[in-house]
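One chain is shown next in structure tokens, namely the form predicted alone.
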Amino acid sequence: MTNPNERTDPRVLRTRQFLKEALIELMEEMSIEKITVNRLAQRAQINRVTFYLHYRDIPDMLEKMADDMAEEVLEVVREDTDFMEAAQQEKWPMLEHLLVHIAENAKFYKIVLTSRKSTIFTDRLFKLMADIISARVESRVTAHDASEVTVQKDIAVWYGSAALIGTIIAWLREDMPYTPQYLAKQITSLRAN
């Protein structure tokens, strides 16, 4: 595990960004199985050996990119609001922050979340949303008499996570016809009904 106070060399960050951008471009053009380290290094305009200084192989790169995505999403939903408080309430600012972040990085999210061949990003986002929704369901169970709760917690979490991620993926596939703010309000309205 890395020390959070330790700064990463800007050249390392820049190279990883070049590789990420090159991978996204290649994923737009071809399936993930056809992407080779040689092709990726060439697109990123780096030496193949440089790739191996950062990643073991393309699946390792995807895994690390998924980890980075999860960390970024967590930072975004915690921004400007108390994470657990927002998760426990019917408020939509946390969802709005998430949707704004996705819209600002639409090219990346559209490629990685809609890819049928590489589900690592969707799976990671599903787990993250399940954790957030689970906290919300827990707070409802605590706030209400347990006998009033009629839906099993795991079923509520599965449903809420799948519905939210499915909506985000459809929104991306349709080139985001609604603003993040409007979509967040609509999703929140659906949950309240």
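Note that the rigid core is defined as the largest set of C-alphas that superpose within 1.5 Å between two forms. Keep in mind that what you see is a predicted model, and the values were worked out from it rather than measured. Counting begins at 1, following the sequence as shown.
One more form of this protein should be noted, the form predicted together with the DNA, which is absent from this view; the next part is about it.
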**Q.** Which of 38-46, 66-74, 130-138, 163-171 sits within 4.5 Å of the DNA in the predicted complex, heavy atom basis
**A.** 38-46
Q) Is His54 one of the residues lying within 4.5 Å of the DNA in the predicted complex, judged by heavy atom distances? A) yes
Q.
in the predicted complex, is there a heavy atom of the DNA that lies within 4.5 Å of any heavy atom of Ser31, even though the partner is absent here?
A. no
Q: May I ask you to state whether Asp175 is within 4.5 Å of the DNA in the predicted complex, using heavy atom distances?
A: no
Q. Just checking, between this form and the one not shown and with the core aligned, does Thr179 shift 2 Å or more at the CA?
A. no
